[in-house]
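This document starts with two versions of one protein chain, written out as structure tokens and named structure 1 and structure 2.
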Structure 1
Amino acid sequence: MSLGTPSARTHPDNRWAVTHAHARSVLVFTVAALGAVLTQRPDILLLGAPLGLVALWSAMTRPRSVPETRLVVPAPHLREGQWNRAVVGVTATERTELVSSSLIGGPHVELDPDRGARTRRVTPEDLERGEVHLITRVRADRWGLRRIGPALVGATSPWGAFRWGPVPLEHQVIKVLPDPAVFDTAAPAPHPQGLVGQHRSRRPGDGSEFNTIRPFQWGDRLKRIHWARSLRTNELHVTSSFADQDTHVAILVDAHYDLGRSVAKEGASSSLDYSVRAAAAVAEHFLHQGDRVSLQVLSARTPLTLPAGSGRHHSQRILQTLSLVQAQPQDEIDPRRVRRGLGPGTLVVMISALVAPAPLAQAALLSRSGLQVVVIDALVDDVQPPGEQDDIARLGWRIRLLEREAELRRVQASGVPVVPWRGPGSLDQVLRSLARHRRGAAR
């Protein structure tokens, strides 16, 4: 098994030190030998002889070389709730009997066994391979950058006479990708543009959706000739189709605030948890249909941007970008930055807890500029408000919720739908309404 590049430094200055057990064996044998000589009683020497033999054998088998160590997490990233391995590699030196390790898990990281306590006897196979592997199962229950480690490694010689370590190993940081919430919608996305997706366009072109039968024109393919109509009218007719097109879906994630607590064992999630997982679910759904998806994260700490793309690799890039999100408030949002890359016909999906008026103002501004905008409300019912132990904070939170309701009504009256995130089918009704509105405008 290859562990790849080592993540911890070697420790050539460490040495094998005498243990208390070996020191007691030498002391007891010395006292027994002196007592036998002074009292002229050989039986006392016989009582201490086994300890003397063990001490002599241990001194003769003392390891001569110092092991090298490293901490490696083979997978560079994993999904929420997915188990992975953290491997502590220790050079298998001769005359080493036991190797032990312990591991510290960072926030939102679970270890199996607890604290990564592992002990293993060095076997001939380990000596032949040249390295001992101590494997601890690790699992991260929340997306983001998670820390695994630091770790401590130690070893002992036969009879526990000499010990090496414990040696500290530096921690590893891995990306934990958000696990997309279950999201499924059969509703069409409006305003398709390119020629790769599954949505039917209102514009004729190459595709699989039937449009009409029309007279033959120069440049039409012979395979499209409709022979029944041609024979009946004595004039060549061909079938035409609608173009198979894709939609540019722009996902805007408002990461200015993170309300509530994220405790996986209790099943609690914060507003930012819902926002990130909803963004991952929406992106994965539209990418699976062949559409192009772009991502913008609005945050003062991590203002991330990912241009429009499609395919499986782009889905992985979106998940990796979402794993870097960190919340931090921002006084103002630059509308030019939000509008960048959003052309005509783009479907904008804004995901926000909507606790500040700025995201709603941006959604209304985008809608007035001619874009189709849908707002997903990530402040679900089980998100606990801040300051729940403070009466003044609870009163302020209730007042803010009343103001928020008034702001939502105003933005909905301006034509921007606001949908609470409810998991499967959250956007079905809204996308159907947008499609009907678009068909009515086309007529």
Structure 2
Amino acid sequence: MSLGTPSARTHPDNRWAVTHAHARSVLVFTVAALGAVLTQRPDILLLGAPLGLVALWSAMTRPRSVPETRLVVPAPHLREGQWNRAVVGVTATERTELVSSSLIGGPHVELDPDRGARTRRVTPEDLERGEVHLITRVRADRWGLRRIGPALVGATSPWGAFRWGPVPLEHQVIKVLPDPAVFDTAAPAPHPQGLVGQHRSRRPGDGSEFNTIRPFQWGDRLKRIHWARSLRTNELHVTSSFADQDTHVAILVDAHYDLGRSVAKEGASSSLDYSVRAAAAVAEHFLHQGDRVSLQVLSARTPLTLPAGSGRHHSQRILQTLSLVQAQPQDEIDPRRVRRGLGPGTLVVMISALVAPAPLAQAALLSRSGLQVVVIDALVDDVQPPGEQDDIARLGWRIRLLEREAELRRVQASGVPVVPWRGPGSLDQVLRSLARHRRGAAR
């Protein structure tokens, strides 16, 4: 970003102007001197003389050049709850004495100090360096695109006689990545396929998990020779291992509705908060195991899709994509779009508040097409119903919850497990049962 944003440069206050303080000192001295001369009262002049000296000092130290300024947020993205810095830079000019800034934090942004008000005295070192930095700590307590600023910057000369600004600086937008809720599962993914993950295969292959010691065959690697057994039996033996395998985990995030309030200070999270954080946690967990994870967001406003990938960079990509999610209902979900890129053996994890029947219907469709589907229910107990809390609204919400329970029973009956999101271990039981089911089918 270049120094001096256009809005600051063209702002009418982007100049050194006389303050009330300087006008006051000149006026009081002039009145005192006039009064003293006209009324022959030297004591009146003595009352105004100090202010005359201040006025003289102020006029002699009037700044000559206008500073330039900028607002920078060094980190382009950060995680929820993580502190960052917003830096207001002002070029240090001669005779500038005090630089001050005031920053406005957007929704879900916390500032330290509270109102982002900072001052700094310009020192000779600042003049040598050429720029004064006013640093405000910022923290976003909710994922998404967050606004830092706008900021107001001003400076004053000695005795507060001349003021530059306050000039406005345009806001900066930063990406706040969701903080993956702690999620851990000891259960294996039900249908591993590739050859790079950490799930133990049922087939022997190149991996790290010990299988057995067997006679040498052509093609075996020399480093796998088991010398002790070979010497005892006078025949070459090698250690064999199970293949390490990965799986494709497709995460579907239902972002049609955002129910409840999201106020970090009160510890309140909306249904979309739970969905996004759960998606981040599930993705991080499977990526950490070496699996391939893809992401699809179901929302009319942000229909985002991220193809399958693995590794730490892919984890960052998923978090960045999740930070862009915005809720908006969709009239119709195209099943072909949802099905795209989901090959046989893919584990589909759908995360939804399940307040509309459409996502559940999609889950049932995917399950019927032969995919393993697990639905995570993100309507956690403390999520409050939407809208006004009058009797009619409460009744309507209760009716909808009853309908929802019936829909959940139907979809569970069709073989799709639905798990409420409870953080660590939410999926353990389901994944274990799916893996058992697979093994039974294979036998």
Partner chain sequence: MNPMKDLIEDLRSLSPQQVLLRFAIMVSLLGFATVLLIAGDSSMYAFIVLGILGGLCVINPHTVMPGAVLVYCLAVWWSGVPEPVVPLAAPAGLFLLLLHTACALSAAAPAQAELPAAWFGQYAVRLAYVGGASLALSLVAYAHEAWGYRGGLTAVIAALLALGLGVGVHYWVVTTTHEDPTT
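If you superpose the two forms and keep the largest set of C-alpha atoms that fall within 1.5 Å, you have the rigid core. Please note that residue numbering is based on structure 1, beginning with 1 at the start of its sequence. Model, not experiment: these values are computed from the prediction.
- Note: the form predicted alone is the first of the two, structure 1.
- Relative to the superposed core, Asp126 undergoes a Cα shift smaller than 2 Å between structure 1 and structure 2.
- In the core-superposed comparison between structure 1 and structure 2, the C-alpha atom of Ser100 has shifted by less than 2 angstroms.
- Positional change of Ala364 between structure 1 and structure 2 stays under 2 Å at the C-alpha, relative to the superposed core.
- Core-aligned Cα shift between structure 1 and structure 2 at Arg224: this is 5.2 Å.
- Taking the core as the fixed frame between structure 1 and structure 2, we note the C-alpha of Thr30 moving 2.3 angstrom.
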